[in-house]
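Okay, so here's just one chain, in structure tokens, the form predicted alone.
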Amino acid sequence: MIRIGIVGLGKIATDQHVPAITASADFTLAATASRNARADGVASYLDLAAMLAGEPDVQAVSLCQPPQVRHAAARTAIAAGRHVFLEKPPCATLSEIEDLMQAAARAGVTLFASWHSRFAAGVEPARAWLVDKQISSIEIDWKEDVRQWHPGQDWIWQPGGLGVFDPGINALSILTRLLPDPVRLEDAKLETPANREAPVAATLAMRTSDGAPIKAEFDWRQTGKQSWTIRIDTDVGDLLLAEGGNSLSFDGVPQPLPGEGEYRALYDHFAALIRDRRCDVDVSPLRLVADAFLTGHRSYTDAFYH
């Protein structure tokens, strides 16, 4: 069993990481490091440095803090010889993740930039179906209620927090997994509240390598039913991924899928990477977000309050 520690025991760590590790045949949760929370039955520390000092037999860490502080924590863990699991997005910038890749290679440890939505039940069947199809267009509709998923969290509205791209990057991670070649951003419109520094809504225009148009609509103001869908029209029919990738249909015909198990699958993959002494760091979803911030047209809307 690989002894692992979690750094940043917030909602996603409590709801997803702890249960996935508890159910894992490869990992055992040895400790947590968090300023404001504890996990029952394991040692608790206030920060990563204290955890590493107090738990010398911890072999790996999962970093679940906000992305603005993740690079420094990952650097500390890599320097201490620990394998590192990065929640999404892996870092606040592309240069930070490039630095971590080089550091992990020098230290001979595993670095895993996780994209949990790629492990949704419908993604790999969709990818296999698309292999011999000609894509004519793609439409992404990714809209949710930030008050439900990030209540009272200010870091997501600050530089490096990504704003609506925090959920939107999940859609981009699926998109870049489904397509074998790079996606190109052509235009972006970013709508930012007057009292915030990150967008609450975004519209992206992209193209596949073959020139097929891709339109993505992201919005954090959706109430009621949440929308996480990707529709792909091809020369032989359409594909619809819904429920964040956990529902799949071809030409309106639902396909049988296993139940949701994204985080269990993430930890199975992380364990395999550690055994093989490999890294898995794909920055293509983050690169598309960076391109949107670099070239996007900005407008301002009403102030937003939790």
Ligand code: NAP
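Residue indices: 1-based, along the sequence shown. On a predicted model such as this, the values are computed, not experimentally measured, just so you know.
Not on display, but discussed next: the form predicted together with this ligand.
Student: Of Lys143, Arg177, His116, Arg196, which one comes within 4.5 Å of this ligand in the predicted bound form, counting heavy atoms only?
Tutor: After the contact test, the surviving option is His116.
Student: Just to be sure I understand the contacts: of Cys64, Leu48, Leu241, Val61, which is the one whose heavy atoms reach within 4.5 angstroms of this ligand in the predicted bound form?
Tutor: Selected option: Cys64.
Student: Is there a heavy atom of Val281 no more than 4.5 Å from a heavy atom of this ligand in the predicted bound form?
Tutor: It does not: once this ligand is placed as it appears in the predicted bound form, Val281 has no heavy atom within 4.5 Å of it.
Student: Is Ser34 close to this ligand in the predicted bound form, meaning a heavy atom pair under 4.5 Å apart or at it?
Tutor: Although this ligand is absent here, Ser34 would touch it in the predicted bound form, with heavy atoms inside 4.5 Å.
Student: Is Ala20 close enough to this ligand in the predicted bound form to count, meaning some heavy atom within 4.5 Å?
Tutor: Output for Ala20 is no: heavy atoms all beyond 4.5 Å of this ligand.
Student: Does Gly8 reach this ligand in the predicted bound form, with heavy atoms at most 4.5 Å apart?
Tutor: Answer yes; at least one heavy atom of Gly8 falls within 4.5 Å of this ligand in the predicted bound form.
Student: Among 150-158, 183-191, 207-215, 98-106, which stretch has residues whose heavy atoms lie within 4.5 Å of this ligand in the predicted bound form?
Tutor: After filtering at 4.5 Å, what remains is 150-158.
Student: Does this ligand, in the predicted bound form, lie within 4.5 angstroms of each residue among Gly168, Ala202 and Arg287, using heavy atoms as the measure?
Tutor: Answer is no for this spot.
Student: Select from 70-89 the residues with a non-hydrogen atom within 4.5 Å of this ligand in the predicted bound form and write them out in sequence order.
Tutor: Contacts from 70-89: Arg70, Glu87, Lys88, Pro89.
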